[in-house]
Ligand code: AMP
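Next up: a single chain in structure tokens, the form predicted alone.
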Amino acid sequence: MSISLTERAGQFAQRTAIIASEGSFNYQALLDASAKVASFLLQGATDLSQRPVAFLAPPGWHYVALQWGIWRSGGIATPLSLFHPKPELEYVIEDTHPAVVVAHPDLVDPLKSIAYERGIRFGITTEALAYHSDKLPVISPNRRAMILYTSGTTGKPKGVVTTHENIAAQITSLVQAWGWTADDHILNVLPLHHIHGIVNVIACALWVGAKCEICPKFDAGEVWNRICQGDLTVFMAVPTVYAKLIDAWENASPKDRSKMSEGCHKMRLMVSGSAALPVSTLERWKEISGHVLLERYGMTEIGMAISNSLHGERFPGCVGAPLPGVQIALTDETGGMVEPRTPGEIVVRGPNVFLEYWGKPNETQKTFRDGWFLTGDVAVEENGIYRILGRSSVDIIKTGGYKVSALEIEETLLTHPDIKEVAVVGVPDEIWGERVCAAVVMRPGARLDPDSLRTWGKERLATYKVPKDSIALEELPRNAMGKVSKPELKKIIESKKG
């Protein structure tokens, strides 16, 4: 991917590439800066030969120049999370054994000590960006390009290795499906240790010569100010971000609301992903913005795989049809293909699918069957359109002999007038196998009455789907992408019920 991006960047040399807190930079500046970074990493060597380079930088110019520089040096870009405490940073560095650890000047601690204690070379982004350019290696597409770590919901996080070829396939599929052009201008509000921001936003924009504006952190008021300026064409976010933008809109004056909505009307595309989008959020956002959010499905190992249509009908609660170049099937527990309208595990095949889990050949082998990647996510398909039922390990609850979808129950509970947010999990139960439990965030002034909620639920759901227990929380536990951490939520529920 680095060679392809580099070649393509030359076509757009004088066009603006990145707008960030550090300033505005064109594609030629990105080429020049990344060449300096690559030369700094190499320091006279001819090639990093697919060795990882771990780096930590806030969203912005330093981040992109560093990422491109790693690719151009022949290294594997391994972005670290701004949200991880020292033990989690140590875990990634020990797992990857990087050739170099690089940090932004504001983020030197604790990375410097972690690197020095392990005898790993440590560098600062400002040093890399001031280095002299030297001869760089030619990078073949089948080389390893990036390691992104999974969220670790079913065990220790695993390093997902994608090649330059994999990433290029992920980008070109989205460019085709979502109509990216050089005239686009996108605002990134997403963290950059996750595929959503890295590939869907920044890489797609830079592939076509578009402008990518990067917020150092998400702030609903600042995002609305940018939208109001009317020059953005594309916006992508997670459901939690849209919920916060809705709250900010509702708390604004009528005059400001009008400006905010008008800014949305000037965009051509707004996308939601990385977590299930409540239909209530989709409908409210449509009222505010005039946009039916485009929902899609993907994961770290495969990039994006399924998407609602850019120009055709979009189906609320569904993620659409397979993207260009991606093969999708639904299978049962034995690996056989399921009948239409029957739930099954999503399996994926195509050039977008990752190469391996870093240093874990057995784990890699377990996740493939006959060339298909086993996602662990369950969906149902009807007329070519897919609806996600949840992750088999956390969202499919086995209770009293039934398999129920936590996402379906959540969607129903969100229609209750007093419930603002909800998450449903299954907790171990001697009688039921798993007991359906709900954690809710109530709207201001409302109080949870579990008995009344069960009565209300029985009028809308089969009895075995109605939560047997419910608790009220001030907020749901979430990860950096805004996705509810259901393993953490199970612990909270069990501790309160214990």
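Keep in mind that what you see is a predicted model, and the values were worked out from it rather than measured. Here, rigid core means the biggest group of C-alpha atoms that superpose within 1.5 Å across both forms. From 1 onward, residues are counted along the sequence shown.
Only in words, not in the display: the form predicted together with the ligand, which the text now covers.
Interface stretch in the predicted complex with the ligand - options 192-200, 250-258, 102-110, 332-340, non-hydrogen atom within 4.5 Å: Within 4.5 Å of the partner lies stretch 192-200.
Contact residue in the predicted complex, chosen from 132, 403, 156, 366 - any heavy atom within 4.5 Å of the ligand: Selected option: 403.
305, 145, 319, 236 - the one with a heavy atom within 4.5 Å of the ligand in the predicted complex: By the 4.5 Å criterion, the partner-contacting residue is 319.
Residue 271 within 4.5 Å of the ligand in the predicted complex, heavy atoms: Residue-level check for residue 271: no, no contact with the ligand.
Interface membership of residue 217, the ligand in the predicted complex, 4.5 Å heavy atom rule: Flag for residue 217 set to no.
4.5 Å heavy atom contact, residue 299 and the ligand in the predicted complex: Yes - in the predicted complex, heavy atoms of residue 299 and the ligand come within 4.5 Å of each other.
Residue 377 within 4.5 Å of the ligand in the predicted complex, heavy atoms: Residue 377 belongs to the contact set for the ligand.
Full three-residue contact with the ligand in the predicted complex, heavy atom 4.5 Å, for 275, 388 and 398: Every residue of the spot touches the ligand in the predicted complex.
Threshold 2 Å Cα movement between the shown form and the other one at residue 32, rigid core reference: No, because once the rigid core is superposed, the C-alpha of residue 32 moves less than 2 Å between the shown form and the other one.
Did residue 434 shift 2 Å or more between the shown form and the other one, C-alpha, core superposed: Residue 434: C-alpha displaced by 2 Å or more between the shown form and the other one.
Direction of the Cα shift between residue 278 and residue 402 in the predicted complex, where the change is 3 Å or more: Residue 278 and residue 402 sit closer together in the predicted complex.
In the predicted complex, whether the C-alpha atoms of residue 339 and residue 464 sit closer or farther than here (change of 3 Å or more): Their C-alpha distance grows by at least 3 Å in the predicted complex.
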